[in-house]
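In the form predicted on its own, a lone chain appears below as structure tokens.
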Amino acid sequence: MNRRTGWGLALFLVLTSLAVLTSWALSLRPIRINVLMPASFADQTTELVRKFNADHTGKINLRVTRGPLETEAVSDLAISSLLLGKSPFDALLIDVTWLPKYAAAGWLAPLDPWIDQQAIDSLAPGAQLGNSYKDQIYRWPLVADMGLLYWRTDLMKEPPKTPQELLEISQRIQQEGRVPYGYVWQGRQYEGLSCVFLEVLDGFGGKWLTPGTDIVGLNSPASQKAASWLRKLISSGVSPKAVINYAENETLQLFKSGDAALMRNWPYAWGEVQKTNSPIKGKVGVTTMVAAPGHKSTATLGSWGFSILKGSSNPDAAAEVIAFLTSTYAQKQLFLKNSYTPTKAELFNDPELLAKSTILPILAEALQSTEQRPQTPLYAQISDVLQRQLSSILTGKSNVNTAMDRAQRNTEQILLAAGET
């Protein structure tokens, strides 16, 4: 062997060794999982993320990308990353209404390989909804959420049970000069208005979109009654005229100040009205929404859950992350520290949680009667149609029949154009 051959062989062995060592070193690096969450959830899960990383040192490193605060802005960010090619995210925390659109677009990986029937059965009834599309599971819930009716226990002995009772009780309390307003809710032209309308529509026995048939019911007698009742809340003075500009926060602040007897809001509001600086602390009860005689009250299903992107290089590790963040331990911590409604059925009977919050039984009851918004990839479009027409009614620009006929016609056109009817 000449000197040049010897040097060549030595160089080859060195390079081979370096490649092996590099490969070995890379194999020891933890798998990185990046999850996109709305800002509020990213902030509230910080301690859980720290614990997960501490428990998985050298194996999986979880990174949370803090998205915008606004719900739709988070969706825009996620979709932009997906449309540009390979997304930097392995998993997303998505709103329940996004699932059909994301799944139909082929962006999500089915979660069925990691979820068995026992896991499904462990969820509270309402938390089992909104996780599947075309018989496959694409989302696993982090928190349960539903519309609730908050009422002042110092102003009435029991809450109203029907739309008429709500009007009468509110007007009586107002006439007595005890509060300026009877009932506050989300009347702004945005998704919250669709949620409010769905609860009222169900309470009058109607359906927005009949599941499995795509029959639109926005110009039905029940729908017209629901829209008329919302308009009457404003015209009668039971709700302030400014309610047409209210989202959740504005509604909460007016109720929390003591200026309203009743409020429609989500479970998070309970923690807010019980704070030490709340003028109505200890004077608030919670129940399900009102319903017309002969009909059942329902609560619009909110809920956020995790989905794995189909392009993730490490779906097994992403599934492990989701399993931890939605575990009984994590659910309990999120409720104790942030008042997030749990999804695990067993936690609604947990002594520690019951000691912290007296409304857990009410939340469990509300989860028994949750109503999903229409499960269609076109939900954003049809919700926008409904919001626009309801807003025209609430502001007095259109009468109920004309606006709801228009909502019916436009919704049917959207579904027809997409081949969904």
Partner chain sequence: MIQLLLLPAALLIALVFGIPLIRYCWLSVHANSVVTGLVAIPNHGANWLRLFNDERFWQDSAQTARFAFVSVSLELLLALAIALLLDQRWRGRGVVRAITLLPWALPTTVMALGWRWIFNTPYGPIEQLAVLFRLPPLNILSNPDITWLATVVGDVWKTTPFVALILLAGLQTIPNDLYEAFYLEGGNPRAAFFKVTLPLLQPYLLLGLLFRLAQAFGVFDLIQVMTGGGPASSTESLALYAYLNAMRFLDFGYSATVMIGSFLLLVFICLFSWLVIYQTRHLRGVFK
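Positions refer to the first chain, counted from 1. Remember, predicted model here, so these are calculated numbers, not experimental data.
Keep in mind the form predicted in complex with its partner chain is missing from the figure; the text below concerns it.
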Mark residue 59 yes when one of its heavy atoms lies within 4.5 Å of a heavy atom of its partner chain in the predicted complex, and no otherwise. no
With heavy atoms only and a cut-off of 4.5 Å, decide whether residue 80 touches its partner chain in the predicted complex. yes
Taking heavy atoms and a 4.5 Å cut-off, does residue 257 contact its partner chain in the predicted complex? yes
Do residue 296 and its partner chain come within 4.5 Å of each other in the predicted complex, heavy atoms counted? no
Which of 208 to 216, 139 to 147, 185 to 193, 286 to 294 lies within 4.5 Å of its partner chain in the predicted complex, heavy atoms considered? The stretch 185 to 193
Selected contact from 154, 112, 72, 158, since only one has a non-hydrogen atom within 4.5 angstroms of its partner chain in the predicted complex: 72
Considering non-hydrogen atoms and a 4.5 Å limit, which listed residue (345, 119, 242, 323) is close to its partner chain in the predicted complex? 242
Which residues within 369 to 399 place at least one heavy atom within 4.5 Å of its partner chain in the predicted complex? 377, 378, 380, 381, 384, 388, 391, 392, 395, 397
